[in-house]
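One protein chain, two forms: both are listed below as structure tokens, the first as structure 1 and the second as structure 2.
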Structure 1
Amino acid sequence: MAIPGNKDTRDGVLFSLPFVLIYLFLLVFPIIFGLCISFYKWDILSSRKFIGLGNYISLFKDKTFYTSLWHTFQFVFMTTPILMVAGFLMALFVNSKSLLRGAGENIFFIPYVLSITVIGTLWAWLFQKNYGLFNQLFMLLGHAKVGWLTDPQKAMWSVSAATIWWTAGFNMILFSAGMKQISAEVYESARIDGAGYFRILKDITIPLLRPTIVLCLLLQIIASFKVFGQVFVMTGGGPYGKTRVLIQYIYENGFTYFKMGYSSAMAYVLFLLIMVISVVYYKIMGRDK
């Protein structure tokens, strides 16, 4: 510690106070308030009514809740593996000696800087059924038009593709930072021992990158569970609700049907789900350290 002083506690509190107040007011209070709301039947206009676990019970009978949850899982499974691998390969590329590595870092990362609505509108246009670039190319090659965003079988894949293009660069930065921390000497001695590129990758890069991989995968899963914007902009949840994800259903219940209590209960289920996944994940990943 810097300087011992009998005013430490006073100063510590004074310096912490502005943040703590905002934190209590805009994070801690809403969390507790939200939990309370979830026990009420509450639609802005009429007065609220305490119904205990009523919202949670109706949740488990709500088909749309299950399908939205399922779509969220689908999205997580569709995007996570590809985003991890793509980010890793990009990081290998920008850490290589290729002349294009600088351009690569910019090109891979730039989509991530753009806002979700720009990404959503752009890809909705690329995927447009009649005039979009992809279908025009398909027709040129003598293929029939594909309903990228209108075919229930394909819509979620299309949203996933846009997401992969949008966020892979983020994982690249994380992996790349991890790779830069591996000392050059380790690689050199391996090379002197005659190890080839793939051998080094398998026996040095990947094992030493383990902490980064563990962190990146967790962040990726959490981020994918919170998907909303791209779906909202690209498909609005359609076709036939086939891409409606959990956050969208929370949003609809709260701000279209004004079922505040029900919506809050759902938000808490999502919160719990993310918590459980994070804890289980850390238990499993932390065990064999």
Structure 2
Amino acid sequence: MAIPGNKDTRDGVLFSLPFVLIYLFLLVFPIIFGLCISFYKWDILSSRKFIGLGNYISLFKDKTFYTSLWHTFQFVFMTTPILMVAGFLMALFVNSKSLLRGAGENIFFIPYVLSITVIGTLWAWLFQKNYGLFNQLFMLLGHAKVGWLTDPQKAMWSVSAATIWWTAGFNMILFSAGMKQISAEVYESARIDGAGYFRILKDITIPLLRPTIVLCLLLQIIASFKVFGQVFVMTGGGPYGKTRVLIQYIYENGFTYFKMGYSSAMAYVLFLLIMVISVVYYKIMGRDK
């Protein structure tokens, strides 16, 4: 912990102390406190009552919990494959010799710097049934209005479309960084041997990019499991609860109905799901090594 050239470890301790305190207060304490209150019945306003595994037992009998979890899985399955492919194609473009690659990189990444409130409000306007841009274009082409956010069959797809537009640029950055680490000599050797563009892409780029693909896939799945903001802004969980995801159900129980213990129990179930995915990821990476 000592600073190079300075054998006095007190400086290292002193400089790292603010970070350690913030880390303990904002991360470690909430994790431990959340686990503790998941074993209590607590509405904030009254004293806590210990009920053991009561919240977890109630949770697995709650139909809304299962439907919210299913909607979360739906969102993961709808967005993850498209975001992976879109990010990869964007990265190929910005690493090409096109004169527009610089502009393309900015255009692809700009949506990601916008806040979730801006994204949700913007796409809610675009999808609005009566005066939204998409329905105006449909009507010009002679089609009837579509309830993008009010039709139970289309609402989750509409939220997914907004999410894909918003976050694909982040995957592009990861893929682009991975592509830039591949040696130019490898590509040059392949071209000398007569390999074409698609042969190089299939036999060199994708195999050498595998660690980045695994990393990107893991981050994307975790991010998709934590979806909340765009759903809350665009549909509020409707219509008929068809877009209510697990994070929103946790939020409703915790901050609308003040069932703090129950919402903490659900949060820990989600945490376990994400942890299982992380373990699978590390096993895959270990196999690669």
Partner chain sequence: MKKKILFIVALVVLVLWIFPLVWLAITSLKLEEDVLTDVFRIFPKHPTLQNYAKAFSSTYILKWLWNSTVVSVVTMILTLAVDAPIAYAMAKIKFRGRQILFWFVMAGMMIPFQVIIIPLYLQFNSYGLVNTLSAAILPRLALPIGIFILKQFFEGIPDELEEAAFIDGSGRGRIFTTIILPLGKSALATVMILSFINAWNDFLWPLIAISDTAKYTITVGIANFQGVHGTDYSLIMSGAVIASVPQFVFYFIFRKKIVEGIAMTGIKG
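Each form is matched to the other, and the largest set of C-alpha atoms that superpose within 1.5 Å is called the rigid core. Values in this document were obtained by computation on a predicted structure and should not be read as measured data. Residue numbering: sequential along structure 1, first residue numbered 1.
The form predicted alone is represented by structure 2; structure 1 is the other form. When two forms of a protein are overlaid on their rigid core, residues whose CA moves 2 Å or more are considered shifted, and V279 is not one of them between structure 1 and structure 2. The two forms, fitted on their core, place the C-alpha of P18 2.3 Å apart, compared between structure 1 and structure 2.
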